[in-house]
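For this one, two forms of the same chain are given in structure tokens, first as structure 1 and then as structure 2.
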Structure 1
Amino acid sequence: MKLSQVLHRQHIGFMFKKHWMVQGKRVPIDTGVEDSLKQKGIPFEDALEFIKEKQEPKERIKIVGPYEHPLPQDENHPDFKERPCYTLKKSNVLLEGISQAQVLTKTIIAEDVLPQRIEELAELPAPKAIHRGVKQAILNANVFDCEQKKLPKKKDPLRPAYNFSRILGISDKRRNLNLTNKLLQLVEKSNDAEVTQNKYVLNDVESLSVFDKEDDLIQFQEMSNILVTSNKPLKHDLNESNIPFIEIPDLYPVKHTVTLPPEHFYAESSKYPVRSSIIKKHPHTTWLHFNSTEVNNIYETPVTPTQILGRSLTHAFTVATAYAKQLYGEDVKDLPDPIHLNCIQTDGQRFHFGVLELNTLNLDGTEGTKNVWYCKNDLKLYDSCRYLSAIPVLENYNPKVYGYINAFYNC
């Protein structure tokens, strides 16, 4: 007794069912009538299209709804500008890093050299209490903070399918914020009232500078995480002549605007965060954070060290240019007095110090007066700071970094 259906491969019933499905699809034979009519120039029309009623375009009535819909951001928008502007924001990085930044800002680099006065001030030893304070600040920022956010997933390239347990901890943005603010506060505490009363410390200020380079309109939008301003402009004595400068490189076949996305909606004039009527408006030092969760390449590979260094140069350039344009007007080319600006970039562990000397805003070509960037890169503040078998540990603290930060504040 057969309890189950037997399905035969050749089953006349299935054939009948499929017959209509197969026979229902017919490919018409191409008689070539269409082509010969076209050659003779006789117009023809598909019969099934001819019998359809013609649809007249209906009038669009604009009904006033609960709110105004935002206009789409294309050519018909009133603020749309024809000429695209290449924008550098705080989340994107330049492709070639520091070489591209050199070409863009017409700067020559003095590697590992800082102005004489800063080096002298950095040599002065700080009291032990200050270093204790710095170590405590590092521990506070890295380990003793009670923020619990989901940190990026940990991946092992040798075991691609393994899902590690998700780590919760302090986000790098908050850690950098805590650390830098505390360091600056320590520096201010150890200095006299005459120095500190002349300076403002501003957090998270945006500066915007728009400039022309070889027919391309370029805009840098940067946010200084800390901007220290003072009541008189910063001046450095930079007379050293026997420094081996790194000249502006040739980026052929890559153009200097690569990885700068063009935008059609932008502001025409530069913006400096402090009004000109305030006495303490002259920029002194700018601090920049490198948060690996926020800053990344468009092609999603990790950011290289050269790209990080390029970022600090463009940042210092933005703040200095915005200030220069506020002082001398939008169209200034060669500055009567060079503008100096200190810049510190950090990702919590590594510190990159730099001093920008802005001489000119005429950035076409590679001849003429150039801007100078003195830098001291890759100073590690500590090797690691974490819990080691339930005890908070700070390994290999480097006291020189505090010396430089203090020097930058006091010069």
Structure 2
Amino acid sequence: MKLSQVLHRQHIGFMFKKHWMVQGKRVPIDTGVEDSLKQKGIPFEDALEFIKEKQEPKERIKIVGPYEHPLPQDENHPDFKERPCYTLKKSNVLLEGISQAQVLTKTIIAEDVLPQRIEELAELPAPKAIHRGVKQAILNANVFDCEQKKLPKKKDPLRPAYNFSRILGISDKRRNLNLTNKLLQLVEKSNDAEVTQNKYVLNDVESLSVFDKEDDLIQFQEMSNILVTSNKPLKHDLNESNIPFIEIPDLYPVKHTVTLPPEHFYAESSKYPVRSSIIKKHPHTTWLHFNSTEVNNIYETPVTPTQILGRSLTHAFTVATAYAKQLYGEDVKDLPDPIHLNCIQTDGQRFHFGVLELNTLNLDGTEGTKNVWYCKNDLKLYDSCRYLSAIPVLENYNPKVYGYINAFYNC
């Protein structure tokens, strides 16, 4: 039978619903009893309050939980300081990129130049089995991994309001993690036990560097996704006679602390992640991942290539200065011996190689002793890695990238 208004009128459930709606909206009638009791001075109490169970206030018990509650961010916090500290965090980049990094770290750049020893080691041929392993690692990281997470939304500049369907796949963080760890494992497999036993490999270790520059207190917070340490300091033989250096630029009218937010809660000392009592404490090579979903500008604008290059320099400078201050103390300026550090930054496809020579922590001005940054940027490991007609395909593999990674490990 077709449901209709006539049928609902004869349905008892419909009658109850309508009756409930009417009765549920009834307003209690004021009988005037409360006013009469008040006039006669007779005490009375609300029935709803009377039936409530009265409990004595209990003393608050401090329960031991999985973590301590953070202290409130106020003037009583133990890390509170009146003097602001301009802070660069691991997920941010500098506005002016490599130019601003040069000014902050007082560094000159030898572009597209690496130490001669590294260039010689990079030319040595690797076994074919190693290159097959590298290709398999690329496919495992980009195609065969089983992770399925929501990838960033696609945007069409010509149709900014159009919503594309969400894509599930491998996140950039997991892709970079799988690829770099496998590459380092292949490098260790191809080397003698004497070389690998003299090194430690640490994952996700934080370094903190606090320094003064022209009356400003500056702090760099960085995380090495992979930090290789050795039992002796890294040394490079650097011939600077015929190298054209890029001198420290003038950022005027921009100040060197632009886009570095001031903070009042910070530690006044630097932090190197390995204790001084450890034998294999000396930093050798630091790996840095560029995850586009995590690293951004403070104003949420797209990250530019020059900002990515500046991130390599500030990262290497942070690890090297934290190590230098552990050796010579917080107040060290010109170092007795230069500190060398290798740095590799990658987004899973493009690799940036750099070597930092740390000579001084006296960063005021542009005169006197300077730090030196040797770099070779934008080397592509491959052009494309994807499914093509339901077949996993790796296009234009570049074996030179593995050669530089192996050279950095063995230098």
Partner chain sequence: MALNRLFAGLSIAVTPSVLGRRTIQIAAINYASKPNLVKPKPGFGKSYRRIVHFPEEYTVKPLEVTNLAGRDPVSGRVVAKGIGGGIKHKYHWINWFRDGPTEGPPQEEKVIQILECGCRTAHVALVAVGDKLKYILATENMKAGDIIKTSRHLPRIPVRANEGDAYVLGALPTGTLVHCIEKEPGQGGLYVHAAGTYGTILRKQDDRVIVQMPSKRPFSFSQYCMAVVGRLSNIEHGTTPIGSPQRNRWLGNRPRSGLWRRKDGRHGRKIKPPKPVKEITHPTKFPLPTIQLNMHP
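The structure presented is a predicted model; accordingly, all values stated were derived computationally and were not measured. The term rigid core refers to the maximal set of C-alpha atoms that superpose within 1.5 Å between the two forms. Throughout, residue numbering runs from 1 along the sequence of structure 1.
A.B. asks: Out of structure 1 and structure 2, where do we see the form predicted in complex with the partner chain?
C.D. replies: The form predicted in complex with the partner chain is the one given as structure 1; the other form is structure 2.
A.B. asks: Could you tell me whether the Cα atom of Pro160 shifts by at least 2 Å between the two structures after core superposition?
C.D. replies: Comparing forms between the two structures, the Pro160 CA shifts at least 2 Å.
A.B. asks: Is the C-alpha displacement of Leu37 equal to or greater than 2 Å between the two structures once the rigid core has been superposed?
C.D. replies: Yes, the C-alpha position differs by at least 2 Å between the two structures.
A.B. asks: Rigid core fitted, is the C-alpha displacement of Lys400 between the two structures 2 Å or more?
C.D. replies: Superposed on the core, Lys400 moves its C-alpha less than 2 Å between the two structures.
A.B. asks: Taking the rigid core as the frame, how far in Å does the Cα of Arg60 move between the two structures?
C.D. replies: On core superposition, this C-alpha lies 18.8 Å from its counterpart.
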